[in-house]
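Here we start with a single chain on its own, the form predicted alone, put down as structure tokens.
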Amino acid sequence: MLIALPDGSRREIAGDIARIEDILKQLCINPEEVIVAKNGRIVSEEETAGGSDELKIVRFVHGG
């Protein structure tokens, strides 16, 4: 699985299918601070990913 991280770097992770929330925790990323796209489609942390999937993790910023 190929992952595009919020800092612009890319990382490849081998392994079984896992919940996106668990993948984020493994990468020490707070799921409440990011949006995840799986194969170009925004998904929730409840979805699973693995194999040839591509994840893009985007940190969102809000202000007032």
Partner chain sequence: MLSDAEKKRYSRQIRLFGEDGQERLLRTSVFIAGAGGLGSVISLYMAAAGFGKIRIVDCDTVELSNLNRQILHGNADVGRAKAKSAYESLTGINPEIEVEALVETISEENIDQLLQGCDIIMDAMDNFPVRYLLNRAALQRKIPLFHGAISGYQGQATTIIPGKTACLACIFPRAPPASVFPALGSTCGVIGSIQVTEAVKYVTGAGKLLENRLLFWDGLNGCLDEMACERNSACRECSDGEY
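Small disclaimer: the values here were computed from a predicted structure and weren't measured. Residue numbers count along the first chain shown, from 1.
In what follows, reference is made to the form predicted together with its partner chain, a form of this protein that is not presented.
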**Message:** Taking any heavy atom pair closer than or equal to 4.5 Å as contact, tell me whether D53 reaches its partner chain in the predicted complex.
**Reply:** no
**Request:** Using the partner position in the predicted complex, report whether L2 sits within 4.5 Å of its partner chain, counting heavy atoms only.
**Result:** no
**Message:** Residue-level question: is I42 within 4.5 Å of its partner chain in the predicted complex, judged on heavy atoms?
**Reply:** yes
**Prompt:** Along 22-40, which positions have a non-hydrogen atom within 4.5 Å of its partner chain in the predicted complex?
**Reply:** N30, P31, E32, E33, I35, A37, G40
